[in-house]
Every structure is written in structure tokens, then in C-alpha cells.
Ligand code: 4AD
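Shown below, as C-alpha cells, is a lone chain in the form predicted alone; questions about how it binds or moves come after it.
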């Protein structure tokens, strides 16, 4: 009696007869032999079919079956040093469940538009399989990090009455006679959670209507946003540093096989260790001037600035105390210099840019009211948010990490659109 198995746990079945359910990734006929690459969603394995060792009709059915045909293969698990997973399956029986004739994604090169038109099928390829497995590991590591440190999952809503990161990138929708927006960030609601539970986080989709086609931007992406009471900027930087080291370390430990599929230089990721270099915005501007890179006075950094800075180091860097004028209304001003705010960006090496942005929140009611007025935001939409400063205000803060930017960097790939199952960009809403 054959045991039902998966490729991921095939080593447990050495010398046993097992049944695998999967799809034909590739097949190579050689006379009365057929070398079949089978994928089952957990891995890839070679199955060897011999015409004289099994039903001839079943052999021919598998031989004729096209790429991505669904099959059931039964056979003996045999150790093989030539195999990447150390084993192959010597088949004794096979069944074609559905013959996928004329599968559109062939081994030849396809254009980017074609592949994204067929994203629902493209995710079956080895490269996409590896990227999305790394995404899964990042998500697990993120949740494990916060869950093991006393953070409470505190879900923020997707529909909001107000902007968080400025009014120019809002997706607006009608909401039963009212105007509503898809959330840009769950942070404001996390502040409520932090003042109730001490430390909370949310992890879900966020939306930015940015008219940008760069390799770093999606209109829908996932963010994890922890928020803590009774912390200052230094505490937040310490947390971000520790968090990123642990998450990357977990992926390197548990996702090496996927990183190797992507031909990622793992030694780069192994250098993600504490401490991260830290510099103020003004120190960073001085450094850029030394390197011959211009920065507009009191302006935010763009991709060229971040790339040039990170190329000077072998691990992420932290740039803190940006100009108050270029950051969000809720950022607390540096009491020693109101022109600077108590915020920080963590910039990934190799030119991948900002992966974490955060800081200390303004905890004074009067200052926050004046900032909302200064930014021209509707005061009535922030009534509940101001209540957090009326009753029980305290120093607090947190950060946001964009999951897809993290995965892009960890995988060492060029474009962010490959890091999410179905990317949404300014020119793509399907599939």
C-alpha cells in the first residue's frame, strides 16, 4: 500500500513506495525511459518512468501529457546524489488527471506584459515559487517576532475618513452617502491600541494612489506597523534594528534553498547584524556632499540619495531627524531643534532604499491641533485621534515596514511587482 507523501518530506520515505499528487513541470523522453520533473507545490522532484516496468498505456499517457498536466505518480523513493533534494522516484504507476495541452507559458522567453497577463499561471514557475516562499517566510518571521514579545494584534480598518500620509495619494470611494478613503496606513488606529494595550501591531494591505511606475512602487501593498506606549526615538530605532536583524536571519536560516534558486548572494544578508550605522539627516547631507551628490536644502531624500548613502555600508543604515516640513503632521518635533522631527528611515543596502519608516508621535494636544490646521486637514475627521491626547497622552511611537520592499531586497530582485501574488500598479488591475 503506497503512502501519500509530499516532495518536501520525501526524505522521510527513503526506500518506501509513495504516491505523489502534482503537475508536470518538465519531461524528457529517452526511448523507453521518461524523466519527469514533478512539482507539487512543496518542491520539485525527478520521477523516472520505465515503459517495461509499468502499464504501457499509462506510460504513453504521461509521455504525451503537456507541461502543467495534473498527474498522480506512485513509485519507490530512491536516494540519488545527483538530485538537488537527494532523492528520485522510480515510478510503478501513473495517472493523468487532466492533460494541459498548449500551456501558454513555455520555456522560451516571454515579455513582462505577457507574464503579468498570465500571472495566475506564472506563479507556478520556479522563480516565482521561490519569491513567494520567501514572502511567506518573511510574514511568519514578522508575526513570530511581535507575538513572542507581548504585542497584541490590533486590526486597523481599511476604510478611513481621513488621510494619514498626505491627501495627494488617496483612493477615494463613496461610502453610503459619505466620502471615504482606502487606508494609506494603519498607524493612527494603532496609537489607540498602544494606549490601551501598551504595544500593538497591525499587518495588512494599504493603498497609495501614487502615479508612479518605478520599480519600487505598488498601489496596493502590505505593511506591518507596531506601535508602543512610553517610548522615544531611540527606543524605536533599537526595536526596528532588532526586528530587521531577526527577520532577515530567520529567512536566511529557513529559506536558503529558495534564495539559491534566485541566485541570491546570501553573504550580503548574513551581514545584516547589529549595530546599524546611524546618522542624522544633517550628517547624511554632509556625507552626500562629500560624495558629490546634491541635496536640495531641507528636502527629503530620493532614490539616488538613498542609493549613494547605502553603498557606503555593508548593512542597513538609519537616518533620523529629517526636516519637520517634509514629514507627516503627526511626527513630533525635536525639542532641541523644531526644524527637525523625531523620525527615522531604515535604508536597505544595495540601493533598495527605505524599508522602514517611523518615529515618535506628537503627544501634545495643542501642538497636534495646530499641525492639523497647518496641513489644511479636516479637523472633524481627527476628533477621535485628538481624544488620545486629551485623556492619557504619553510619549509613544512606532514604525511601518513595507513587506514587498523587504521581500524585493531579501530576494535581490529588480522589481517589486514580483513580490506579491497579484500586483496592482497604475497600469494593471488584472488578473
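Positions refer to the first chain, counted from 1. Just so we're clear, the structure is a prediction, and the values are computed from it rather than from any experiment.
Just so it is clear, the following notes concern the form predicted together with this ligand, a form of the same protein that is not shown.
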message = Against this ligand in the model of the complex, would residue 225 count as a contact residue? Criterion: heavy atoms within 4.5 Å.
response = yes
query = Is there a heavy atom of residue 416 no more than 4.5 Å from a heavy atom of this ligand in the model of the complex?
reply = yes
query = So, in the model of the complex, is residue 399 in contact with this ligand at a 4.5 angstroms heavy atom limit?
reply = yes
ask   = Are any of the heavy atoms in residue 221 no more than 4.5 Å from a heavy atom of this ligand in the model of the complex?
value = yes
inquiry  = Taking a heavy atom within 4.5 Å as contact, would all three of 185, 217 and 356 count as contacting this ligand in the model of the complex?
reply    = yes
One residue of 189, 330, 352, 301 in contact with this ligand, assessed in the model of the complex (non-hydrogen atom, 4.5 angstroms) = 330
remark   = Among 210, 235, 80, 155, just one has a heavy atom within 4.5 Å of this ligand in the model of the complex, namely 210
query = Since the chain is shown here on its own, which stretch among 64-72, 358-366, 44-52, 385-393 would lie within 4.5 Å of this ligand in the model of the complex, judged by heavy atoms?
reply = 358-366
